[in-house]
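As structure tokens, one chain now follows by itself in the form predicted on its own.
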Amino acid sequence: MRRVLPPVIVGILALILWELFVTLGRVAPFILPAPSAIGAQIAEQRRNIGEAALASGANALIGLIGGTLVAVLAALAASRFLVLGEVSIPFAAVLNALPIIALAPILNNMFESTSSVPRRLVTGIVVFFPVFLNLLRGLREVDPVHQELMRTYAASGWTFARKVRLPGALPHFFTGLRQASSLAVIAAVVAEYFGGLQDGLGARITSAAAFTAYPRAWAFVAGACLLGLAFYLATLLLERLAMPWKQRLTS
């Protein structure tokens, strides 16, 4: 309750202030709809929001898994070979600098209009950088005492990686994965702005905004926020399951 209650109270107060600001200030709905109007649209469009969230969530999940797997393999290779590590970091930085608004239309033109592959590729590219960079840092930060101990045991490279490197890099890996989980949803939704199947949250947002149905557009934005929160919480749960000792140390 100490962790959950303060943000809940702050969120409720923010919604109340938002409602008062729009109502008393007579702000036009196309500038900023009131939370009550958005809530009414969420209740009315709950089935459409759920279906769109499933479509966007599938793209985000597949892109997150694919981008994470590639990032893990790249980080393992970069930590093993020094030259590869020096080359891969600038390359990863270039990928991270690619804007979604430029990348998504190009990938959409490379595939069929009914294909979800471009959105998943965009998500995977966005996910790659935080996972790769954090995991590579964790793989390189090995305690010298542990390293010397494994040498005295004449441990092989695989044994050293399995017993020391990988467990020690798990906190860094999940730090990157937490960042990537939210970025995956953002990338999947934004990629839907630029054509393709009109079944996701991004397409619904642009469609509602085009018809000046701004409360409905904000309702789909709220659905995207909830989807991102679900991804983040799932990552936290996975971290607790993978590192139960961390929870015992902090409790």
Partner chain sequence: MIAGLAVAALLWEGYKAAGDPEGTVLFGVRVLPRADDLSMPHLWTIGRRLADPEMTGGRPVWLVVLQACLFTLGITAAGFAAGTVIGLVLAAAMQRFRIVERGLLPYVVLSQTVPLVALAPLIAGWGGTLMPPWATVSVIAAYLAFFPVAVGMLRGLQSPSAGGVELMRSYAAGWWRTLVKLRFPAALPYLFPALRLAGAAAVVGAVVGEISTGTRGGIGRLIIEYSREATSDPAKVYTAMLGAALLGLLVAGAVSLLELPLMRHRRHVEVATL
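Positions refer to the first chain, counted from 1. Quick caveat: nothing in here was measured; it's all calculated off a predicted structure. In this text, rigid core is short for the largest set of C-alphas that superpose within 1.5 Å between two forms.
There is also a form predicted together with the partner chain; it is not shown, and the following applies to it.
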With the partner absent here, would Phe91, Val94 and Gly228 each sit within 4.5 Å of the partner chain in the predicted complex, counting heavy atoms only?
yes
Classify Ser79 as contacting or not contacting the partner chain in the predicted complex by the rule of any non-hydrogen atom within 4.5 angstroms, answering yes or no.
no
Against the partner chain in the predicted complex, would Ala60 count as a contact residue? Criterion: heavy atoms within 4.5 Å.
no
So in the predicted complex, does any heavy atom of Leu73 sit within 4.5 Å of the partner chain?
no
I'd like to know if Ala34 sits close to the partner chain in the predicted complex, meaning any non-hydrogen atom pair within 4.5 angstroms.
no
Those residues of 173-198 with a non-hydrogen atom no more than 4.5 Å from the partner chain in the predicted complex are Thr175, Arg178, Gln179, Ser182, Val185, Ile186, Val189, Val190, Tyr193, Phe194
With both forms fit on the core, has Ile9 moved 2 Å or more by CA between this form and the one not shown?
yes
Work out the direction of the Cα-Cα change for Pro33 and Ile100 in the predicted complex: closer or farther than in this form? It's 3 angstroms or more.
farther
Say whether the C-alpha atoms of Ile100 and Gly202 sit closer together or farther apart in the predicted complex than in the form shown here, given that their separation changes by 3 Å or more.
farther
